[in-house]
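Given next, in structure tokens, is a single chain: the form predicted on its own.
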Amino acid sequence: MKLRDTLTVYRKELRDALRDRRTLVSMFLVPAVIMPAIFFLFGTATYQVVKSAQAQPPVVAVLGGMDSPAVKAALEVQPGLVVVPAPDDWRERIAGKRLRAVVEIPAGFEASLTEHAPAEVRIYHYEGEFKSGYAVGELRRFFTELRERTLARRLEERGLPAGFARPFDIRTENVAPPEKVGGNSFGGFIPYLLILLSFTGVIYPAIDLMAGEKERGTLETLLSSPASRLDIVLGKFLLVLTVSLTTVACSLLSMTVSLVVGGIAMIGSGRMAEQLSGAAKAGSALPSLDPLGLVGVVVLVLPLAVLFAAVALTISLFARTQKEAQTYLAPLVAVVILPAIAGVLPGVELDSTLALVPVLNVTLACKELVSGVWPWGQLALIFGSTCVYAGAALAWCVRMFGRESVLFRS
């Protein structure tokens, strides 16, 4: 191996990559512009949909209640609902989203409130449908307040204090620091995004550098150069790794800028002030992330990017054409995504066994790091095992590049 020849191959491949518009798009435009724009548009659209749904009172119907005029009249003037008579096909209307919920008031409901007889109010709705769930919440709030007023009146009639039926209250209070709350809430999303981008960043250059050169017939010309095969494959590997790390760096930069700009926009619109005041009243702070932990996330992603680059380069080496290489590499996206998603699932905690599972170990460790927790023993195990996997993948790539049967498959 000659470092000079390796760097020569690397510079040559880097120049070619920078001249390729598709590589530039995958390195800079996608992580720095397109991904933040997609998240921003999705978040804005979601906010507008929720706001619009809440601004339009859901239509609900009442079954029965003919002998409970006071309750029915109070329900009809409820500001968050539009109350209509129940049609005969109310079940089909709920399923067709033309009616959001139906409340059934039992016979003699008002009399049972006076006579202390038990009664049951039923609410029929569309499980999982947002507007139906919002209607159910409004109906529950109405009848819960009615129940509380009825209970207070009964206690007053007997000369009992209001606390008689409620001997104690239950209050929850967060004792975890803000960075741990933020790490638990968002810690799985950050490594998931970085891992996904670091892998997708290696796919196109790996395909182009191996299968693409085979298809164009330029690989034989490169092999006839004075550089050894080891220098050639290492130069190509460094280019793929550079693209992957550049994609991750652009993604981190864009996320940081998006958070700063989003925070300024929220402060300007007054929403941040409301959140801050609400957190202050609750005696808690807003969730945050440990900045040093983000640096640790980047360090853990480095050997993982090496692993991705080596694997993608080797697999694309087996393909005869770029289309065939895409077919080989496409299923690997699921292989990478599934462990990353598993790391976000509740109850999956980092231990010595999971610290040896590629991708999953980095996801779990990143959740701890952005929370301000540094399990040094497990971090060393994760970093060391990932480096071993990356070294093995790179050695496999070098070995396959030296085999004529792989390079010149027909």
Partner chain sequence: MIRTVPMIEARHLTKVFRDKKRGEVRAVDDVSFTCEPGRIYGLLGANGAGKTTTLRMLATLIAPSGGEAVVAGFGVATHPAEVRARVGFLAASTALYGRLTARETIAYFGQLHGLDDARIAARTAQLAEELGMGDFLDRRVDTFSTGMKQKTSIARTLVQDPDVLILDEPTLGLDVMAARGIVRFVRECRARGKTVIYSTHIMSEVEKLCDRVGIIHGGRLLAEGTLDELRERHGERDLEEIFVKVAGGEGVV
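All of these numbers come straight from a predicted model, not from anything done at the bench. Residue numbers count along the first chain shown, from 1.
Although not depicted, the form predicted in complex with the partner chain is the subject of the following passage.
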Worksheet item: Hey, of 141-149, 195-203, 220-228, 124-132, which bit sits against the partner chain in the model of the complex at 4.5 Å between non-hydrogen atoms?
Response: 220-228
Fill in: V9: touches the partner chain in the model of the complex, heavy atom cutoff 4.5 angstroms
yes
Discussion item. In the model of the complex, does R153 come within 4.5 Å of the partner chain, counting heavy atoms only?
Written reply: no
Item to complete: Answer for R166 alone: is it within 4.5 Å of the partner chain in the model of the complex, judged on heavy atom distances?
Response: no
Discussion item. Taking the partner chain as it sits in the model of the complex, is R216 in contact with it (heavy atom to heavy atom, 4.5 Å or less)?
Written reply: yes
Practice prompt. Would you mind checking 5-36 for residues with a heavy atom within 4.5 Å of the partner chain in the model of the complex?
Written response: D5, T8, V9, K12, R15, D16, R19, D20
